[in-house]
Each structure stands twice: as structure tokens, then as C-alpha cells.
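Two forms of a single protein chain come next, each set out by itself as C-alpha cells; they are called structure 1 and structure 2.
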Structure 1
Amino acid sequence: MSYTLKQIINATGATCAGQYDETLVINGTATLEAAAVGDISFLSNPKYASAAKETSASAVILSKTIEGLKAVQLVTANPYLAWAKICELFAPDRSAHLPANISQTASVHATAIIGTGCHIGHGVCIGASVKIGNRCIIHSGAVIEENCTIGDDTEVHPNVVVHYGTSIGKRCVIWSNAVIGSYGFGYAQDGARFVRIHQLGRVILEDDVDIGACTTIDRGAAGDTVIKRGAKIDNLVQIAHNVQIGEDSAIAAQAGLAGSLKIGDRVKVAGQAGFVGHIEIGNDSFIGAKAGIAKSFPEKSNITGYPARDFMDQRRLEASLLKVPDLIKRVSELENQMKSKES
């Protein structure tokens, strides 16, 4: 694949600084360090300006022109967004590998409704009364149990399991081996023995939700587990029964969300963070990596640590704890001085 500079400019809306050749051919994308002639690269953080000066890339997307750059400079207010659009141009066309038909080895129940232009891969299993929208891709080995609905343009990667009754919106992507709609970890006790509580709710993924590989999302116990529009979930995340995740929130890999947790809109959760159940995290909050969150926090919280607290408090506390070994010495010294005073 290759594009002219003009095509790149049209796709991104960037402005070209100075004179330039609209027919310049861009063959690929690369980081500033790895780029070769013919590549386009990007600079989102001005502190890497020196790398931009040394790059062999033919063009660079950036927010402000830089002196002394050999590459053509494409200026835009949001270089990273422009980069996303460029990467979309260069994403491989897989349509020949994923033709719009139903594999003969797929098992599609007679009552399932499959939209137009869908690819249903090798060995896929689609249960009764499933409704799949238009232009969906259900990759090899995926299992969609009865009574699920999947919106237009959604992609379900190989060996994903979507349990019965799940509702998935439009333009979602579910990565390989993710599990949607397994039972929540709910048991009553009869003496020491556990008695399973059948989980009667569903999982609802709204539009534009991405789910990472090997992520597990449990169905609700009584109500539903809900992931709202535009939320993005990374790999190996555990989302327990009745969790709610707000719009445009992002949950990084290996985070664990216990039952009935409610996460607001535009919340960012870093990797390996863990939440107890039945708490709320307000809109626009940020949760640090590996944080252990045991209570609710209001909107715009920035928290970290185990147990988690305000980011600046945690940093100050950590700094003070580093002084403890010295503090012990100082207290011993004071005690000695006091003792010598006494005598």
C-alpha cells in the first residue's frame, strides 16, 4: 500500500508547512527512530523533537513546526488522532481472507438471523434465535450461544465465547478467547458447602466497545452487567457480575473489577488495578497501575496505591516512609541525649 502526500493530507486534515510535493509517495508508517525514506512518522510529545530531527521519515505529523527538519511537516492540533487515521489507511485489507459468506463447517441454527455481508468462519457455532447485524465478522471457532444479538459491523475474533442472551452493540471488537456471559462467582452456603446461585442476568455491551483477548465478563446475578458506549477493555481483565462501566472509559490489562462495582464515564484504569465490589468510581477519574481500591471515590479522583488514596497523598506518604530508617536513628539519638541530660 502507498499513498500520496495529498491523500494523507486529505485523510487527516493536516496542514503542510512550507512548500511540498503533493505527489510524494508514502509507503508505510514507523516510529521516528525506525522510519526509512518513504515512511511517515509522528511526534506527539515535543520533548522528542531531537528524534524528529534525526529521522529518515519522509513526512512527520506534529502539532507545531520544528526548525531543521528534513521531513515534510504535517501540522495538526491532535497529531495522535491524525496518526490513527493514517494507520487506518495502512491497515492490511483482510477482505480476501474473510469473504462475506458462511463457512460450510459453521453450525448456524435455523432460527438465527444473519445480516448481509457477514463472514462466518470455519467451525463457528451460532445458536437459536441469534441475531447478527450487517457486515459482521465472526471468526473461526467462535461460539455465539442462543438468544444473543450482535449489532452491525462488529467483529468477533477466533475462539471467543459469547454466552446465551448477551447483547453486543455496533462496531464492537471482541478479541480472541474472550468470554462474555459466564456465570458470576455467586454461591450461598449450606453449612460449609457452596450452593450455586444461578446467574439470571445478562451482559450488555453497547456500541463501540472493544474487549481484549482472554478477558472475562460475567453475566449479572439478577440485573445485568453493562459496558457502555465507547468503553475499551484490554486483555485478561476480569469483570464480575453486575459491574457497570461508563461511556468512553478504558480499563487496562489484568485489572480486576469485583461484583456490582460502578465505574463512571471517561474513567481510566491502569493495569493490574483491583477493585472490591459494591463501590463507585466517579466520572473522569484516573486509577494507577496495581492500585487496590477498597472504597468509593468521587469524580475526577486521581488515585493510586494499596490501599488506594489520592495520588499526591500517596506520593507524599511514600516519600515520608523512606525517611523512617533515618528517623529511627534520630529518635535513638534524642533518647541518648535525653538520658545524658537526666544523669
Structure 2
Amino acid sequence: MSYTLKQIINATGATCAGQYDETLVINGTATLEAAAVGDISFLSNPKYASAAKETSASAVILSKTIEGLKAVQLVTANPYLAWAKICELFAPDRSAHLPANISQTASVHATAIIGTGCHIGHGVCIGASVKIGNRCIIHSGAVIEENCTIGDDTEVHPNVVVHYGTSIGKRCVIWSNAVIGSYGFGYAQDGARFVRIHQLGRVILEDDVDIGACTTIDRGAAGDTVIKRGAKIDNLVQIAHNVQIGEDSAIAAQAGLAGSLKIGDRVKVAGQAGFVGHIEIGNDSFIGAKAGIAKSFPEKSNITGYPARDFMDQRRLEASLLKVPDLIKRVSELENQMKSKES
């Protein structure tokens, strides 16, 4: 699959610096270091400007022109967004491998309703009263239990398990081995023994939600666990019962969210962050990597550390800790001086 430079410019809205040949053919994408003639690459961080000067790419997406760059420079305010649009152009067309039919090896309950243009792969199991919208792709080995609903144009990758009663919106993507709607970690104690508390809620994924591979989302204990429109969840994330995640929020890999946590809209959570339950994180906040969040924070908070605190407070604390060895040495010297005077 190839595109002319003119087609690339039209797709990204970028402007071309200097003279260029709009019929230049772009054959693929690559990093600055790996690019060959005919490839397009991107530069979003100025510290890699030297790599851009040495690249063999035919074109580079960037935010500002760089003097001495051999490649055609496509300038845009948001290179990473332009790169996303280019990657969409070059994404492989898998339609030949995903025909709009139901595999003979799939098990589809007689009461299930499958929309038009759907691909139901080998070994898929679809339970009673499931409703699947139009143009959905359910890959091999996926299990959709009874009373689930899946909206139009949603893709469920191999070996995903969607437990009973789950609601999934339109244009969602759920990657391999994710588990949606399993029981939350709820137990009462009878003496030393644990008694399971049945989880009676559901999981609701609104439209345009992405769920990463091996991520687990527990069903609600009484109410529902809700992932709102446009939220993006990375691989290996644990989301406990009754969690609510706001619109357009993003949670990176290995984060752990305890029960009844509420995360606002447009919140970004870095990898391995951990949250206690029953707290709230306000809209437009940022949570740093490996942060331990044990209390609520208001909107537009920028927090990191363990326990989590304001980003600048944490940095000041870290800077102070670096001075501790010198302070200990000085105190020891002062003690020795006092002992000498006393003697």
C-alpha cells in the first residue's frame, strides 16, 4: 500500500516546508533510525533532532522545521496526532481473513441476535439472549455469555471472556485475554472463614472504549462498574467492582484500581499506579508512575510518589532527601566538636 505525498498532506492537514514533489510516493512508516527511502517518520521530541538529520526517510512529520534536514518536512502543531492518521492509512487490511459470516465451529445460542456484516470466528461461544450489533468482529475463541449486548463496529479479539449481563458500546476494541464482568473481590467473614458476596451488578463499557490485553474489569457488587465514553485502558490493568472511569481518561499498564473508586474525565494515569477504594480523582488530573493514591484529590491535580502528593511537593521532598547524608555527617562532626569542648 502506497500513498503520494499529496495524499499524506491531505490526510494529516500538515503543511510542507520548502519545495517538494507532491507525487513523491510513500511506501510505509518507520522510526527515524530504521527508515529507508520511501518511508515516512515523525519527530515529536526536539531532543531527537540529530536522528532526524541522519534519517533516510523520504518525509518526516514535525512541529518546527529543522535546518539541514534532507527529508521532506511536513509541519503540524501536533506531530503525534498526524502520525496516528498516517498509521491509520497504512494499517493492514485484514478483511480477507475476517469474512462477514459465522464460522461453522462457532457455538451461537438460538436466542442470540447477530447483526448484519459480522464476523464470528472459529470456536466463538455466544450465549442466550446476546445482542450483537452490525459489522462487529468477534475473533476466534472469544466467549460472550448470556444477556450481553455489544454495539455496532466493536471488535473483540481472541480468547476474550465477556461475562453475563455486560453492556459494551459502539466502536469498542477489547484485546486478547481480557476478562470483562468477573466477580469482584468481595467476602464477608464468619469467624475465620470467608463467605463469598455475590456480585449483582454489571460492567458497562460506553462507546469508543479500548481495553488492553489481559486487563480484568470486575462487575459491580450492587451497582455497576462503568467505563465511560472514549476511555482507553492499557494491558494488565485491574479494575475492581463499582469503579467509575470518566470520559477520555487513559490508564497505563499494571495500574490497580480498588473498589468504588471514581476517576473523573480526561484523567491520565501512568503505569503501576495503585489506588485505594472509595476515593475520587477530579477531572483533568495526572497520576505519576508507581504512585500510591490513598486519598481523594481535586480536579487538575498533578500527583506522584508513595504516598501520592502534589508533584512539586514530591520533587522538593526528593531533593531534600538527597541532602540527608551530608546533614548526618555535619551533625556527627558537631557532636564530636561538643565532646571535645566538654572534655
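Between two forms, the rigid core is defined as the largest C-alpha subset superposing within 1.5 Å. FYI, numbering is relative to structure 1, first residue = 1. Quantities reported herein were computed from a predicted structural model and do not represent experimental measurements.
Of these two forms of the chain, identify the one that is the form predicted alone.
Between the two, the form predicted alone is shown as structure 2, not structure 1.
Relative to the superposed rigid core, does the CA atom of A49 travel 2 Å or more between the two structures?
Yes.
Has the Cα of L334 moved 2 Å or more between the two structures, judged after a core fit?
L334 C-alpha, core-superposed: shift of 2 Å or more.
What is the C-alpha shift for Q19 between the two structures, rigid core superposed, to one decimal in Å?
Shift of Q19 at C-alpha, rigid core superposed: 2.6 Å.
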